[in-house]
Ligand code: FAD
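First, one chain by itself: the form predicted alone, in structure tokens.
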């Protein structure tokens, strides 16, 4: 077997034309048509640093049959229907689902408890938020099968490469229906319109192998026996026992944090970030990043920005978060009386709008730990979300302000067209954010305007509030066993426990927790 590794830069017109790309790769490898048996595209990224944006490719060219395991083995799940021990998994987000699949591989029977609804039924609850402005506290953009990521973008990029096998997570997603492009793209993305089908396939695999997935099953109490967790109690009054419980409830399950605190289970306040979502015309971002009026075959342009601010002698970072090119702003509240916004993009990223969270770091020194203890960050979030709701009229309409007006501390007489379906209300965002957070964001936007032409003007508007960037609480665990240090049998997991940030890192943490359970029980 002969393999030649190549790396090359191509114009978008060539890179995104399958035949032209194939010819260019062969030419770069010094081969002619017919001399290569297979071309394995390994990585694709956009290089927009020069005058003309180009596409960087890495590929392996084989002159004969490539190895059979080139894309890794498919995952096989043994049947565990009559198997003991059983493992309770609270939450069917990426951490919970991937923990369940790993349990199957290890011969453990997972029982997944999800407070929300399945992906199909969940759509009706999302429609109610957008059209009727009614929030179902158990089924919304945060809660339900697949977790928050299912209907808020499906980004798969992660920097947490040391926490597990990223490729393994991506291959598992491809096996269950995701596009193989996610194995190649530098910033892989499935899209809100396609991820639900993948999530459903993951669930069907769990059930087919003998595991269980129960929807509309909210955990309301813990079965604590001294320093051991024996199981949970559901809202229906059902008692479920198991030798291990993986707690993977996501960053918005505030009732779980309250329950743990009330039952004396150790939790800790942790830093997080809060701010707003900024919305621009996608064409403005394309022009700034690609330096061409028509992006052609190039994908909708994105950006990543960061600035160090100083307010009252305290330095905090302000940065872009969950940037959604060609996307939409969506309502992410989990209760009536609060307004929370998030962003999402469909797989084609073909909306006329670009949006991104612009958030400031919140350190423990910024929180009232004396009054609220470990729940201080949660209380801070709640206060801001409730203030946003009141400012916009106590519906799911969101408070907003033109960005140029925000920088000038001027009330906007009118707002721009928006992708946010419930609608916007013009307010002074300083009144919602408070003086310190508003000033930090103002400094950040001023810097970002110097980096991207047209960014910090009235061509954009800010929408509030972006408050669910990560969990404001950490549920501690032993670094070796991944069990809670004071409660045996409890395995805090994923983003809600403070150990992940996004779909892939949460999925990897779910797999790690399943392996930790297996190590304890075997």
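Residue numbers count along the first chain shown, from 1. Just so you know, these numbers come straight off a predicted model, no measurement behind them.
Note that the form predicted in complex with the ligand isn't included here; everything after this is about it.
Chemist: Would you mind fitting the ligand into the shown chain by superposing the local C-alphas on its pose in the predicted bound form and telling me if the pocket reads open or blocked at 2.4 Å from backbone or C-beta atoms, 3 atoms or more being blocked?
Modeler: Blocked: 3+ ligand atoms clash with backbone or C-beta.
Chemist: Of 260, 322, 298, 437, which one comes within 4.5 Å of the ligand in the predicted bound form, counting heavy atoms only?
Modeler: When the ligand is considered in the predicted bound form, the option within 4.5 Å is 322.
Chemist: 278, 173, 90, 339: which sits within 4.5 Å of the ligand in the predicted bound form by any heavy atom?
Modeler: Exactly one listed residue reaches within 4.5 Å, namely 90.
Chemist: Want to guess which of 127 to 135, 107 to 115, 223 to 231, 413 to 421 is within 4.5 Å of the ligand in the predicted bound form, heavy atoms only?
Modeler: Residues of 107 to 115 come within 4.5 Å of the partner.
Chemist: Could you tell me if residue 103 has a non-hydrogen atom within 4.5 Å of the ligand in the predicted bound form?
Modeler: Residue 103 lies outside the contact set for the ligand.
Chemist: Do residue 513 and the ligand come within 4.5 Å of each other in the predicted bound form, heavy atoms counted?
Modeler: The answer is no: residue 513 has no heavy atom within 4.5 Å of the ligand.
Chemist: Does residue 501 reach the ligand in the predicted bound form, with heavy atoms at most 4.5 Å apart?
Modeler: Although the ligand is absent here, residue 501 would touch it in the predicted bound form, with heavy atoms inside 4.5 Å.
Chemist: Is residue 472 close to the ligand in the predicted bound form, meaning a heavy atom pair under 4.5 Å apart or at it?
Modeler: Judged by the heavy-atom cut-off of 4.5 Å, residue 472 is well away from the ligand in the predicted bound form.
Chemist: Heavy atom within 4.5 Å of the ligand in the predicted bound form: which residues of 122 to 145 qualify?
Modeler: The stretch touches the partner through 141, 142, 143, 144.
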